[in-house]
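The chain below stands alone and is given in structure tokens; this is the form predicted alone.
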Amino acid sequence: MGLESQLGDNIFTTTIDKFVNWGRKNSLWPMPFGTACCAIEMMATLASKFDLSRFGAEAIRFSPRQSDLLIVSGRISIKMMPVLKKIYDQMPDPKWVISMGACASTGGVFDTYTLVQGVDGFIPVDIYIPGCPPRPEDLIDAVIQIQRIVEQESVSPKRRRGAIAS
């Protein structure tokens, strides 16, 4: 009599990557970095009408050390960019970034020397959300896309996104 016949349907088998990624994708802890109009739309996404908590991302953290998803929204000035970079660096791995709105993604209509023309020149961005400002549904779609990225990640540091293979 084999082990499978003794346990019947009482066992669940999977790979460690799938198990860990299932937990990660269903419990994202966003760190909002909202500086302008897009932040209002981000707040609307968290409210009851759109309810981002349906996707496991309701635990908003204002501490980078407790977050794994950075949502950058609004205009980022050159003086604010070091602060954003420090916040990103303080986040534990693995971490993901959403650039929300035209200003965070490309500088938007504010093509001046005082504003950063896209945060991707300073921190890696996983998902870009176009719009001025984008709708809450767009942010929800971006979180779903982040969940798809998380599903493909590896627990092994050698196979993780951005890791240097030795």
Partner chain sequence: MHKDPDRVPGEPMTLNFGPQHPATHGTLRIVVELDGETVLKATPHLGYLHTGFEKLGEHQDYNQFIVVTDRMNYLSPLSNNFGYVLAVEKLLDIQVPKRCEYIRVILAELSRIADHMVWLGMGALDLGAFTVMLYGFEEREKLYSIFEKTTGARLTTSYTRVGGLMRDIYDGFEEDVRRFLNGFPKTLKEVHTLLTRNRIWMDRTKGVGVVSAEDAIDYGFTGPCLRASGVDWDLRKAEPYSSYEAFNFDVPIGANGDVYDRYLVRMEEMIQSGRIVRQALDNLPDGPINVDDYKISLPTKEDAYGNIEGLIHHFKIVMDGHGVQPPVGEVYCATEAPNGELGFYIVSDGSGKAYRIRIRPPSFIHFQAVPHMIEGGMVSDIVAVLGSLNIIAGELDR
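Bear in mind that the values here come from a model prediction, so they are computed numbers and not experimental data. Numbering follows the first chain given and starts at 1.
The protein also exists as the form predicted together with its partner chain; that form is not presented, and the subsequent description refers to it.
Under a 4.5 angstroms non-hydrogen atom cutoff, its partner chain in the predicted complex lacks Lys95 among its neighbouring residues. Mapping the unseen interface onto this chain, Ser53 falls outside it, with no heavy atom inside 4.5 Å of its partner chain in the predicted complex. Although the partner is absent here, Ser77 is a contact residue: one of its heavy atoms lies within 4.5 angstroms of its partner chain in the predicted complex.
Proximity of Lys49 to its partner chain in the predicted complex: non-hydrogen atoms within 4.5 Å are present. Taken together, Met31, Ala36 and Tyr113 are fully in contact with its partner chain in the predicted complex: each brings a heavy atom within 4.5 Å. Taking its partner chain as positioned in the predicted complex, the residues of 87-109 that bring a heavy atom within 4.5 Å of it are, in sequence order, Ile87, Val109.
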